[in-house]
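Given next, in structure tokens, is a single chain: the form predicted alone.
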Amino acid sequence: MNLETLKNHSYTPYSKKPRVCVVQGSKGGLYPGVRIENVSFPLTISAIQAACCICLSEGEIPNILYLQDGDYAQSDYWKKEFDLTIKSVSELTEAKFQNYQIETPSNEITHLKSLLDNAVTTHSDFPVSALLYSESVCFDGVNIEVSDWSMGLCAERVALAKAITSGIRSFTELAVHTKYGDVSSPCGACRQVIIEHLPLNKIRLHHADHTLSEHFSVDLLPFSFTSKSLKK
């Protein structure tokens, strides 16, 4: 997958301004990220936010940030957060990027539980894991927290960032698990993001007490924000 292909994977129906970047982690892994817009504009995931959070979810610390020309949202924050070295993506010749796709787990809850140790929950100590399914492949995610809470991503959005960056746009189901708490349930922000990409899909919630509940995404967020007046 080359950089131009990655750029085309951006989900930018509102601004029409695709963005792609690549983060090199502390163990040498190369983690691409693309811009993922939302009908609720503040919930847009920047390319840098996607790449850094994915890198962290895979157990690496961001070290180098590769950017194309142009302005990048949040670049100053992430550069300072991890003391990133900034380089041009033109230096990434014949680069082999991390593959975010995984095989569909034979045991969903077992896989979700195994992911919890990868969560970065410095502030909350509340690990969450997620599995996002397409027709043929699957993407996993854990919640990531950084110094500015608004810059982190929930497990559901990390999984989605992996999928969109990989060029997958059609999804079938989503599963979520939390280690603690009364129920496992996507937050309000995630529900707004979920409704954009899985508007009528089944969401499985594996609760900390070992019970399971299933819901349709539209039922998790009735009267979700939409507007035909927005450009799309």
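For every residue, the number given is its place in the sequence shown, counted from 1. Computed from a prediction, not measured in an experiment: that's the story for all the values here.
Note that the form predicted together with tetrahydrodeoxyuridine (THU) isn't included here; everything after this is about it.
- The stretch among 109-117, 140-148, 68-76, 96-104 whose residues place heavy atoms within 4.5 Å of tetrahydrodeoxyuridine (THU) in the predicted complex is 140-148.
- Taking the partner from the other structure, tetrahydrodeoxyuridine (THU) in the predicted complex has a heavy atom within 4.5 Å of a heavy atom of residue 185.
- Contact check for residue 154: a heavy atom falls within 4.5 Å of tetrahydrodeoxyuridine (THU) in the predicted complex.
- Taking non-hydrogen atoms only, residue 128 approaches tetrahydrodeoxyuridine (THU) to within 4.5 angstroms in the predicted complex.
- Contact annotation: residue 55 falls outside 4.5 Å of tetrahydrodeoxyuridine (THU) in the predicted complex, judged by heavy atom distances.
- Contacts to tetrahydrodeoxyuridine (THU) in the predicted complex (heavy atom within 4.5 Å) from stretch 190-214: 190 only.
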